[in-house]
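Just one chain is shown here, as structure tokens, and it is the form predicted alone.
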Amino acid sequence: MKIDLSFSAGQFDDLQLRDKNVAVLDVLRASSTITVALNNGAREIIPVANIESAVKISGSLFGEVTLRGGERNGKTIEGFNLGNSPLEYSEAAVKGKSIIYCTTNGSVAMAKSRYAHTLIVGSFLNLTTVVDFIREENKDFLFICAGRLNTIGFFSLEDAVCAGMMIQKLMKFESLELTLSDSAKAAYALYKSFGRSILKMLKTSEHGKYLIEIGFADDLKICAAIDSVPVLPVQVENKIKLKKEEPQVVVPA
């Protein structure tokens, strides 16, 4: 199994990701928020790359069961029902709803991955669940750190550290013949340097400091909680849904 990694989604177009196995990581905050929303009963997340697509898609769906969520520069988009804070995606707000989701970075990375063979969404909240899925698949995987596309595909420390922590856990499985690309090795090294306190790392990252400045300090505590929401968002027909547990086959004695 080869693990490759990109520090930004900006270098890809959708055709380059066709038939690949992809894990999108946007710790602050899209991946974390999607995980929380689905765990709280949202029916599906429909990631889009821009506001225009969100408006167009929402016009063709049923208004009572469809919400628009997302942000630009960390703040709720005008006319949208929800922003990008996991605290907004409570069971009362999202249960049974389809959410058209548009963010500066995370939803763009997911929209670009729509032709992937497998697309999963990872964060610290579901870290071990993601690792277990990749281990069971035992196939080549590409980690895409969403980065900061609004700044020309810049690097985000928190996404790289999360990927590095996942890689560190995968390395512990002796049954895996694991090969790491140079960028995957770099993410692992960053985890070794910055992974001792995840919350401290988030608070001192560039985007973490920005979120604190605009009033979302509590989001960092939620996004730092390792394995607090052990579910797996996966792409099904261009929508992100919870992975269903495979039924156990009972063989008669």
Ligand code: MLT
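Treat the numbers as computed from the prediction; the structure is a model and nothing was measured. Numbers follow the displayed sequence, beginning with 1.
Beyond what is shown, the protein has a form predicted in complex with the named molecule; the following relates to that form.
Although the named molecule is absent from this view, report whether R68 comes within 4.5 Å of it in the predicted bound form, heavy atoms only.
-> No, no contact at 4.5 Å.
Find out whether any non-hydrogen atom of V48 is located within 4.5 angstroms of the named molecule in the predicted bound form, and reply yes or no.
-> Looking in the predicted bound form, residue contacts with the named molecule do not include V48, since no heavy atom lies within 4.5 Å.
Using a 4.5 Å heavy atom cut-off, state whether N81 contacts the named molecule in the predicted bound form.
-> No.
Give a yes/no on whether N126 approaches the named molecule to within 4.5 Å in the predicted bound form, heavy atoms considered.
-> No, no contact at 4.5 Å.
Option touching the named molecule, based on a heavy atom within 4.5 Å in the predicted bound form, out of L190, A54, L202, L211 | Result of the distance check: L211.
Tell me which of 179-187, 164-172, 98-106, 137-145 has residues with heavy atoms within 4.5 angstroms of the named molecule in the predicted bound form?
-> Contact-bearing stretch, as computed: 98-106.
Just give me the residues of 22-46, first to last, that have a heavy atom within 4.5 Å of the named molecule in the predicted bound form.
-> Counting only heavy atoms within 4.5 Å of the named molecule in the predicted bound form, the contacting residues of 22-46 are D26, L28, R29, A30.
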